[in-house]
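Single chain ahead, by itself, as structure tokens, in the form predicted on its own.
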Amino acid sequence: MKANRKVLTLGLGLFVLTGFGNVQSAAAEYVIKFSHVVSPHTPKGQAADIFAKLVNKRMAGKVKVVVFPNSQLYNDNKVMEAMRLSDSKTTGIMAAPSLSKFVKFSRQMQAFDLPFLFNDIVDVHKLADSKLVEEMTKPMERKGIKALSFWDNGMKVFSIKSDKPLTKVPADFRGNKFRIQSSEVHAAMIKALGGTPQKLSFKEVYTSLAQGVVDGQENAWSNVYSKKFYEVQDYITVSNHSYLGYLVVVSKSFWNNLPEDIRSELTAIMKMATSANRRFAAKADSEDRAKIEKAGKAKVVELSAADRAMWVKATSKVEDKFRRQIGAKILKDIHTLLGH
């Protein structure tokens, strides 16, 4: 190493190695703080831990990842604000907020919230792995956010505290309030189904259900189980009406400042974590549903083909309402990709 090599420091400080009268710099260290809002046992939580474990093992002395689950560091709104305001070249903020959180940075991302756009998780992966998502996430970079990967939770189901399940629309939704994420598409969908939408943060959901602030909610099986929503609900309807997924993002200034070889290695590890996430999500879909059914507190109800068709028909105008915001061309390209 040359004596005048730039010294990069973080956390552990500057280590100086001396030899033959020359001062030499030690290897640089970067720290990534990975913040998320769910339990470590969920597909997202497990994938974040896998990413951290692989980075900390394979890139020891160069990059360290510290995971903060259950909103310990930030909630999903504050983490992106912190990410955008960060100007550190050595400490990076990483997160995996729900896709609906990115709408204010890219209107095209609303496509992921559309009801019944995806037939199943295979359809979701077709879009997530396509070149179209590069166009959909590109506007975020102007806001200081770099998109890295899409992570699964799963297809959503509906739950409710009521004397009857959610099967008929709008009859079974009418007069009931449903917690939704901060998404205008979700709000339009609930209204189309006959209910009243109520935006609440994820950490407020259990208490709001238990206290009757809202009557029901929509979520993937892993969240329904890990956060014990099933304990305060009477019915769960297997609607699979839309996708609950996450976008792994990092502060752009930090990412761009990383040496190219470190970015390449982190990108390769992120692909491995994404593959693991999909396995975890698929497993949770079946196993967490089985655990909920075994608990016997909320009855799981399947939609008949006829009832599902009515749900699809009732929500069919939601896409039309957001066509201009999302973009007619990108929606057409998505439908072509999915074979619709």
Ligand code: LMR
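For every residue, the number given is its place in the sequence shown, counted from 1. Model, not experiment: these values are computed from the prediction.
What follows is about the form predicted together with this ligand, which we do not show.
Distance criterion of 4.5 Å from any heavy atom to this ligand in the model of the complex singles out 101 from the list 107, 146, 177, 101. For the residues 292, 37, 47, 284, the 4.5 Å heavy atom test against this ligand in the model of the complex is passed only by 37. Taken together, 202, 223 and 246 are fully in contact with this ligand in the model of the complex: each brings a heavy atom within 4.5 Å. Residue contact with this ligand in the model of the complex: residue 251 places no heavy atom within 4.5 Å of it.
In the model of the complex, residue 76 approaches this ligand with a heavy atom inside 4.5 Å. In the model of the complex, none of the heavy atoms of residue 233 sits within 4.5 Å of a heavy atom of this ligand. This ligand in the model of the complex comes within 4.5 Å of a heavy atom belonging to residue 181. Shown alone, this chain has one stretch from 257 to 265, 93 to 101, 109 to 117, 234 to 242 that lies within 4.5 Å of this ligand in the model of the complex by heavy atoms: 93 to 101.
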